[in-house]
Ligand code: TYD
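Only one chain is included here, represented as structure tokens and corresponding to the form predicted on its own.
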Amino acid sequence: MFISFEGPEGSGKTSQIRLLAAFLREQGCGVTVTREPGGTRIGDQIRTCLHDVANQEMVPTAEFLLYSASRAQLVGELIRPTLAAGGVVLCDRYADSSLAYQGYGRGLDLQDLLTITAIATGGLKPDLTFLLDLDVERGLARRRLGGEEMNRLDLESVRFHERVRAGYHALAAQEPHRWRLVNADRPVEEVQADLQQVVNDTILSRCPK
């Protein structure tokens, strides 16, 4: 079972994944938590390059291909083997992030991105994707106030992040059976309660014990 978490910067994905992983483990599920970019030794090296604020000259196509390379490694080394063994994977961002950021945000051709993504992932899609949604400026302010390190993409313009958020909504509208929209501008406990309810309603009965 493969669950991904998407959303604008500062939407609280990492905290919600940690809490949901604990909840699923309490139910007896074997859970693996990972992230994009990264999640593997090779992927983490690519992540460092992608997020380094010194790499301002990186062009959008190179950016997308680096994300895709990290994703290919993560799918081949971790996600597919875990799923084949009957485990649950919770992933902090996945291929939809590239469609939102490099497609809607950077303006790269979406069909080209989909073609390359299919190669990188072997066509693997999540069974369920949570979109943790909130106002862009509110999310960026959360990151600054939380003292989190701002990476290269965080420092893009508000207009860029608004295009990304709009892209997420467009993607969710195209596959409503997979996506669940969650208002992330609420206390952590309220957001987590919503996630647990969706899991209870949709997948928990199929969770491997």
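Note that the structure is a prediction, hence the values are computed from the model and not measured. In case it trips you up, residue 1 is the first one in the sequence shown, and so on.
Although not depicted, the form predicted in complex with thymidine-5'-diphosphate is the subject of the following passage.
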| query | Are Gln16, Arg180 and Arg186 jointly within 4.5 Å of thymidine-5'-diphosphate in the predicted complex, each by at least one heavy atom? | reply | no
| query | Pick from 23-31, 169-177, 36-44, 54-62: which stretch has a heavy atom within 4.5 Å of thymidine-5'-diphosphate in the predicted complex? | reply | 36-44
| task | Using a 4.5 Å heavy atom cut-off, state whether Glu162 contacts thymidine-5'-diphosphate in the predicted complex. | result | no
| query | So in the predicted complex, does Arg143 come within 4.5 Å of thymidine-5'-diphosphate, heavy atom to heavy atom? | reply | yes
| field | Partner contact for Gln73 in the predicted complex: thymidine-5'-diphosphate, 4.5 angstroms, heavy atom | value | no
| request: Spell out, yes or no, whether the shortest heavy atom distance between Tyr101 and thymidine-5'-diphosphate in the predicted complex is within 4.5 Å. | output: yes
| query | Does anything in 85-100 come within 4.5 Å of thymidine-5'-diphosphate in the predicted complex by heavy atoms, and if so which residues, in order? | reply | Asp92, Arg93, Tyr94, Ser97, Ser98
